[in-house]
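Shown below, as structure tokens, is a lone chain in the form predicted on its own; questions about how it binds or moves come after it.
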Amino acid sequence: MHLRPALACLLFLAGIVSAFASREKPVIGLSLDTLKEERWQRDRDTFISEAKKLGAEVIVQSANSDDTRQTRDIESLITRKVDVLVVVPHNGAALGRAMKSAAEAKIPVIAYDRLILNAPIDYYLTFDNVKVGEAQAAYAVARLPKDRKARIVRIYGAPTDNNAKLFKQGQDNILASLIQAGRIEVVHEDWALDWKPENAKKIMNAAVTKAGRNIDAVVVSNDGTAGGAIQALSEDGLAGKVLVTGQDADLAACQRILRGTQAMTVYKPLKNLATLAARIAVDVAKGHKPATTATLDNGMKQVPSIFERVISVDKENMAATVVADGFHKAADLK
């Protein structure tokens, strides 16, 4: 009779010890949209490295830009009882069921780089994506002809990615008044499905077919799609003659900038964000509440958020930014 309370006490204590052991070596589930792009490979590697330094284990899943697969990935991580989930959504509006499951399992969720919409998430870590779009458009506007109406093409990102909409919002902040005033004409615009370069190439091909060769700039939302647009421009002998923007400071894009076929990229110090994300994930797993600098409405709640800075990069300041930070080696840029 007296053994039962004692046994219950032992089991309770064992549960406490187990819980604290988990907190001493937390397990983080990292659910990525894709690993096809250089940018996401860097994020993954930096995140894992920092988490390991802090004594955490990371389980990585990549959904290959498939919403159904990403939901399954997250459900699998929940089943494995990870201490915290860090999620880069393919479609920020498609993970409601998975986020509900995480909340029911009392697993905190950190949205990384892309906001998860209409869902009970705990934190959001990203770069200021509106400022990314502003930087792209401002760079182009400063270099457009002033003696006539400038003609531009706009290639947006994936329509399923909330960040793509924020990049466009930032671009609109700079371009809208100039378009309304008749100083800029948008001769063609479209969204590049899944951020695929081949889709951007099709959009650029359509733009030249529709508007002719007299194009001053192509405001493109990332480096991968900029590469597709430049391929199309090359086919028409326009590469290097038309200003093209980008984002992510991919190696190929930085090489294009030095060769003159791409004008600029927006450098986001990925190491800073991935390192911060790993530290916060470990803190949250250990039951701590990290300090945040802002909140952002995801349609369900005001999500505590942290925004990292972004930097416009062209051939003039590449050595002082991406090279100085160790993001790319000078020898690799040749």
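Each residue number is its position in the shown sequence, starting from 1. Note that the coordinates shown come from a computational prediction; the quantities given were computed from them, not determined experimentally.
Unshown form predicted in complex with a small molecule; subsequent notes refer to it.
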Query raised in the report: Though the small molecule is not shown, can you say which of E37, D45, E308, D67 has a heavy atom within 4.5 Å of it in the model of the complex?
Result: E37
Query - Contacting member of H188, R151, R114, K131, with respect to the small molecule in the model of the complex [4.5 Å, heavy atom] - result: R114
Query - Stretch from 170-178, 247-255, 212-220, 226-234 whose residues place a heavy atom within 4.5 Å of the small molecule in the model of the complex - result: 247-255
Query raised in the report: Would the small molecule in the model of the complex be within 4.5 angstroms of a non-hydrogen atom of every residue among N163, W195 and K268?
Result: yes
